[in-house]
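The chain below stands alone, shown as structure tokens; this is the form predicted alone.
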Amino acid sequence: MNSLNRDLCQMVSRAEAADLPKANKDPHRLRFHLMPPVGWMNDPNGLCWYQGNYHVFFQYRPFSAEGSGVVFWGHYTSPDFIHWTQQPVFLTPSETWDLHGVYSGSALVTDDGLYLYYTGNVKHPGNHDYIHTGRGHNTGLAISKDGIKVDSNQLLLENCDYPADLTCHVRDPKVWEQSGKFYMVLGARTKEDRGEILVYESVDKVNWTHINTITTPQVFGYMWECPDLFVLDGQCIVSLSPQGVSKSGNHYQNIYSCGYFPLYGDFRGEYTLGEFTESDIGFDYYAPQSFEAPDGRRIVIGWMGMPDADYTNPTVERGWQHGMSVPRELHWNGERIITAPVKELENLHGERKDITFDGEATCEWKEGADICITNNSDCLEVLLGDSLKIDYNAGILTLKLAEASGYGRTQRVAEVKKLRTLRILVDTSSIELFINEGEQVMTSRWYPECAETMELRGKGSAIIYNMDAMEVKFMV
């Protein structure tokens, strides 16, 4: 550990010790979602299972809840998605190739240790737009034997190593092993403002060769962030967070989107992309990353936030902002990805209540709930707390937030031909809707005065579980 790295780690520890008591007094602190100890959290990084624990690294600005300042990698570990331990800051901006932030990346589990690939951000002084000039987006590699501390760190690729038709924006490496070789995808923006994904290949995890580029025939956004490529139930999936896609009807309602293409053919050579589908159409979900659990499940976690959005979060006043979605299991049904909360969350289930309704029904819980609704009519209305409404009618499901609790969030719409089921995870300041067993998902932060009541109008049944809190040990 160099002296700058050591000094930065000590500064982070002091900031956490000073600000965590204030943050923990906030009634909007999440109970069964990961959130930053203090400061700002965004993209999940380095998701993996290593040496008996799940590892969730994340973009972390510990000195500012408003998102200013350089970016670190925070770190949580858990054996079961229920009991979490905050680990020391893993990556600090302390090398020549990452001085202005250690940006997003991924983990590769090997016999030699845990390989963490990431983007090192450098902003050069001068009159630059930091798109076409002035920015270094460098691919770095940190290796850890124990998954807790960095044993070595090196620069692998810099802007001059990427194709010549690209801007300075090349970032977010996702790495995996396949057929005895290693592959990396990087998100990129061309000089013509076309988003694309670069595919690299390696035989030794260190030296990389560009072998292909994945994009669409027509321009689909100007930048493809946070790429991911994996096989799901036999189908190759390309996941990404495209920036610059305009709203079209009820699609692409957020400033930025995230979603996936099914890929047919070979990502290393000839391929075609199927139709793009949004992963989550709520207000607050971006930059998801997936990994394979030890039992073979494909698990995804997304940032419960949205960059550059015009809505806000009142938790800034308490010294923290944002969180992560619950871990979600993915499956391919032959047409689309089906998403559901991981089964481990059922270990947080407390008291159960069963309701059958034909007309109106009400229910209460304490602090958090897992609600499973079966709908038996063409219309359904769900009122949560004092300020959130879910309305289904004529093939449209609408999530509406009142001004007092939305902080700029108003409504989001899902096209649902027939609503069969609706699963709702309600936390102190978040809501996740899983429509028709996860065919579509809507995630949002919300900040109600009361979030512990539900009124149902329509016809159907519901099962409501009180949700206990995860155990999170902060190392302060």
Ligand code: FRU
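Position 1 is the first residue in the sequence shown; the rest follow in order. Here the structure is a predicted model, which means the values were calculated and not measured.
Unshown form predicted in complex with ligand FRU; subsequent notes refer to it.
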Residue-level question: is S429 within 4.5 Å of ligand FRU in the predicted bound form, judged on heavy atoms? no
Contact with ligand FRU in the predicted bound form for S104, defined as at least one heavy atom pair within 4.5 Å: yes or no? yes
Check whether C226 has any heavy atom within 4.5 Å of a heavy atom of ligand FRU in the predicted bound form, and answer yes or no. yes
So, R61 and ligand FRU: in the predicted bound form, are they within 4.5 Å at any heavy atom pair? yes
Which pick from H75, R171, K174, R328 sits with a heavy atom within 4.5 Å of ligand FRU in the predicted bound form? R171
Under a 4.5 angstroms heavy atom criterion, identify the one residue in F90, Y286, F261, W320 near ligand FRU in the predicted bound form. Y286
Which one, 24 to 32, 38 to 46, 410 to 418, 435 to 443, holds residues whose non-hydrogen atoms are within 4.5 Å of ligand FRU in the predicted bound form? 38 to 46
